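Let's start with one chain on its own, the form predicted on its own, as structure tokens.
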Amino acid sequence: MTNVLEIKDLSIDLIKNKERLHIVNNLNLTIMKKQKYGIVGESGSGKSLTSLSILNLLPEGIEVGNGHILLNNDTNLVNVSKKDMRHIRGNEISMIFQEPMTALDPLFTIEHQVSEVLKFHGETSKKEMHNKMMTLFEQVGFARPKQILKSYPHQLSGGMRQRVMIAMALICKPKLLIADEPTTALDVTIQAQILDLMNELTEYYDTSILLITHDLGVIAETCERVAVMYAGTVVEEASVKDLFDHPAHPYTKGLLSSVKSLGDRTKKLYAIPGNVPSPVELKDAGCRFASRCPFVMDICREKEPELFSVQDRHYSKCWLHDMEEGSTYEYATTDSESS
């Protein structure tokens, strides 16, 4: 399969008092054509910054330090000019942001805002633009697309606004759709509808998905392959099936244990102790999860682990996998009975 996006040895740095703090460190991932790829982790793990770096939208004071972001195996997005990047955004790569109400301008109709995307990327005929919008709005599930186009954002529900954002993101048929927590503000029923819609439309348009989320359930529903991020580094990467059936990293095991303990009254609700360290607290040496890991060893505090291969195309960044073959470990805390 063809690579749509390849990130190689990427670091994203916070510039503070003329010093560089690595927020995201040595990130590597590859998204193939038509693939649905997920990045999951707690808040503060660097997921959203990774997605913003792809589109050169990092906030002031944060910048790419090292590495490459290759589009279609040839264009390095790190070095692309602002002018060229404006044409890549929306045309080659589109993004759905977390909150559709803040992403849409309250002063203009939906039709005006979607038509601006088409005008910028070369569409000129009003009739062609209108027909294209009508067709796509029917595809995203609007029974009365003409009425929706004439509406203002505040006249639509959260689910309807998110459908508008999906239509706007796909209207130029991009090769990659980045969805940053696309269902966070929606209720469970609408969440499922939006995820199904994204799957259907990206299949129809042969578009790859990079899904950013903290919700493992969303990953299970949507993605084929997943990277687990912690404190700015990928600690595990695998197919979704392998990750859920055979989690390898202690952090991944902790995330899954917390989810599995939610609906079981015979078990205490499990939570990984401590918090994700801030960029100021991060150390260059050692494993970034060491302070919260129940299996921490001396080497974990002294030397950063490499990404070990635990099975075919399944990788885990943990020194436990450098032990003798056959070593196993479990989160015994998940079996604690509630009092």
Partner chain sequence: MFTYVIRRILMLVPVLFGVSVLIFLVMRIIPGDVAQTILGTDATPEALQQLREDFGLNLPLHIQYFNWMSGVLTLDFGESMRTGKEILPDILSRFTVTFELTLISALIAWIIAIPMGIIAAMKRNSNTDFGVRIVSLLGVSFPNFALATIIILVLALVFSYSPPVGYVGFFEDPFKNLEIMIIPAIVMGTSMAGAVMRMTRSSVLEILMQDFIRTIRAKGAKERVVIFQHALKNAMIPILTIIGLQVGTLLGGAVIVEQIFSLPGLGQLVLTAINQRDFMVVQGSVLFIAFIFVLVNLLIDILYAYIDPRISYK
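Residue numbers count along the first chain shown, from 1. If you're wondering where the values come from, they're calculated on a predicted model, not measured in any experiment.
What comes next is about the form predicted in complex with its partner chain, which is not displayed.
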> Where does its partner chain sit in the predicted complex: which of 291-299, 273-281, 36-44, 49-57, heavy atoms within 4.5 Å?
Replying inline: 49-57
>> Exactly one residue in V240, L256, I190, L104 has a non-hydrogen atom within 4.5 Å of its partner chain in the predicted complex; which is it?
In response: L104
>> I need to confirm a contact call. Of H214, R225, K175, R89, which residue comes within 4.5 Å of its partner chain in the predicted complex, counting heavy atoms only?
In response: R89
> So, in the predicted complex, is M165 in contact with its partner chain at a 4.5 angstroms heavy atom limit?
Replying inline: yes
>> So in the predicted complex, is its partner chain close enough to Y204 to count as touching (4.5 Å, heavy atoms)?
In response: no
>> Just checking whether V117 would be counted as a contact of its partner chain in the predicted complex - the rule being heavy atoms within 4.5 angstroms.
In response: yes
> Counting only non-hydrogen atoms and a 4.5 angstroms cut-off, does K127 reach its partner chain in the predicted complex?
Replying inline: no
> If you look in the predicted complex, which residues in 108-122 sit within 4.5 Å of its partner chain (heavy atoms)?
Replying inline: F108, H112, Q113, E116, V117, F120, H121
